[in-house]
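Heads up, the chain below is alone and in the form predicted alone; it's given as structure tokens.
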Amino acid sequence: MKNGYIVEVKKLSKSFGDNQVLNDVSIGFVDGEISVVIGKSGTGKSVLIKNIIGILKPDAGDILYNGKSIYALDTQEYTQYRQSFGYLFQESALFDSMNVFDNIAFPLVEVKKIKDKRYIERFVNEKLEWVGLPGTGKLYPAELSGGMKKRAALARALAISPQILLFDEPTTGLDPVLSESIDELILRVNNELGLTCIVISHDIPATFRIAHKIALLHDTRIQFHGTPREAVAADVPMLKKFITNSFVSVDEVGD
């Protein structure tokens, strides 16, 4: 695994018509770390993630997984690559017509093709317990609070036993107390399960609470990539604006 990167983006570019969204973007995500990608709305953060997981294909550049280009993988290897990711969507994206139990069981049945009902029941209940939602399996998404939906969606994302978890604006729409509880869950995923986490966020205080590395995507390029302490000290105008407006100081971050 070159440089410790589980995923590495190299000179990636992506346009939609005349709109250049990403231009010569290079960034590596270290195995076992929490990386947070920040930037203004519409700067291409989600486009970057969608290229990484194969929803979009770049116009130029390469993406390496454990040092190997994903575009050199055969069909079976590429399927395994796609299944190495779990995705927590911004709005949770739970199926409204399914209860919480069936939402979490869905990847087990449809992706992993597991038919053992006892195994599925035990697995789902264990995941609900782990995310702090014991006994909620019979509830429907409409009966859940915003924070509960995030937790249920996390349990579903964990169902395929991913190596990498992607979080798209995980604290959007949550009050500060609930936001902090989601941050704690991301830290648990990283610390207890050992998963690599890639987080898209505009929540700067949360970013500094959880990140090993911070990347700023601005004007189609990665303008900064480093530790929280390096971010506070960096002479990058847009990064300084984010930090100043969020009242983050060097005393609030670790090494």
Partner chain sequence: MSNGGTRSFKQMILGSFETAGNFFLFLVNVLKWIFRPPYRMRRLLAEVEKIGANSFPVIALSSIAIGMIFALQLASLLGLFRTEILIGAAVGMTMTRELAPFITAIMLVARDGSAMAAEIGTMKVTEQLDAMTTMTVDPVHFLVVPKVLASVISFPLLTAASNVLGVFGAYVVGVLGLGIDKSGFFDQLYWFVDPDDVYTGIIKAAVFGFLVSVICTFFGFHTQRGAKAVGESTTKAVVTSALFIFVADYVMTDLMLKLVF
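Source: prediction; values computed, not measured. Residue numbers count along the first chain shown, from 1.
The next section is about a form of this same protein that is not shown, the form predicted in complex with its partner chain.
The stretch from 220-228, 200-208, 48-56, 63-71 that comes within 4.5 Å of its partner chain in the predicted bound form, counting heavy atoms only, is 48-56. The candidate site formed by Phe101, Tyr119 and Glu129 is entirely out of contact with its partner chain in the predicted bound form, as no residue has a non-hydrogen atom within 4.5 angstroms of it.
Interface membership of Thr79, defined by any non-hydrogen atom within 4.5 Å of its partner chain in the predicted bound form, is confirmed. When its partner chain is considered in the predicted bound form, Pro107 lines it closely, a heavy atom lying within 4.5 Å. Among heavy atoms of Lys150, none comes within 4.5 Å of its partner chain in the predicted bound form.
Proximity of Asp96 to its partner chain in the predicted bound form: non-hydrogen atoms within 4.5 Å are present. Screening Thr136, Ser181, Asn125, Gln83 for any heavy atom within 4.5 Å of its partner chain in the predicted bound form leaves a single hit, Gln83. Ile160 is the sole member of Ile160, Leu174, Ile164, Leu144 with a non-hydrogen atom within 4.5 Å of its partner chain in the predicted bound form.
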